[in-house]
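Alright, here's a single protein chain in two forms, structure 1 and structure 2, each given by itself as structure tokens.
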Structure 1
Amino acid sequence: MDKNNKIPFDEDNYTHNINKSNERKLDRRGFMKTMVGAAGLFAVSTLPWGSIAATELMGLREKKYPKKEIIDVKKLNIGDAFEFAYPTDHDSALLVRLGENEYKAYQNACTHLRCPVFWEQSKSELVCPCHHGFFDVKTGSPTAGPPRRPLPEITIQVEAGKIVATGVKRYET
């Protein structure tokens, strides 16, 4: 009965698991070693970004995008939004019909931490619910909240009563 209700022995400093003397001590040289290790870690961690950027520079600059039908014009009322995937099945995107012949589409991963962005019809703005980021629906640029970069815009065409995605615009910086 008493067995499981007691601390095994009196302890007040929780250091009984330290075996070597000076085990908790970080001296000047040890600190410098840690810093060199961290510098190495940072160097390695930027390698993938650098190499992907380098391959982008070597000729993949003008990307080819497939045409993809999104939805029938008739099925989307003015002021409504439709979620689809473009250019690949893993890139979520959002199409908003703003007027009779006015469409806007963006890749809807928030540029802050990639949460999905939603269309708030009553306020006419794009909202990321995670940290309350807001985007202008006309340009895709952030208007409030943590995101700093605009949403990548998807170019849209209307062909034979169907809305067709034709490409993704580069950031205009």
Structure 2
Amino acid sequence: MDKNNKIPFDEDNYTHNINKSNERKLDRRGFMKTMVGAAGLFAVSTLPWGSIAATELMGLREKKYPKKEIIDVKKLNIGDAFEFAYPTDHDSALLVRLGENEYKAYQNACTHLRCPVFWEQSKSELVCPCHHGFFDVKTGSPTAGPPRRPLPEITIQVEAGKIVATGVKRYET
């Protein structure tokens, strides 16, 4: 370059308008190396999150749920339902007493768009009022409407006259 920061000869590779120093260092090859390096760095940095997600989605690890007392057996009549929170305070659930010693509990969110599900005792079914989805109370399977997946079931047991939630069954396809 001359003292005016110009190339002193004719150049036909269209780089004669480059006036800044170090501007020629980032050519196509340099750019591709930078992109491959950035992609590699991104892949390595997201690897732990990917393995956690794969473990969770494939069900390779058994989740631990706390035991939680729901209600006293004497307070729930046959045919009645009781709403509670499980496994966290933010997860709504619904317990239905079907018989003398028969109980079913499900997470209270429709598998279509997560609207709350209600117990309709006269028809013995769980109803999602948002899009008219219906679920079988004994299995949690959808019987009508847009939901295609069953409601996640909460495992329960009776201990010393109280109904206790012990876990959530995994969704099975």
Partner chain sequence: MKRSYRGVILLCVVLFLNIIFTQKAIHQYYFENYTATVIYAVLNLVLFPIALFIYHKEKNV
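Think of the rigid core as the biggest set of C-alphas that the two forms share within 1.5 Å after superposition. Model, not experiment: these values are computed from the prediction. Residue numbering: structure 1 sequence, from 1.
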Which of the two structures shown, 1 or 2, corresponds to the form predicted alone? 2
Hey, core superposed, how many Å does Lys33 shift at the CA between the two structures? 23.6
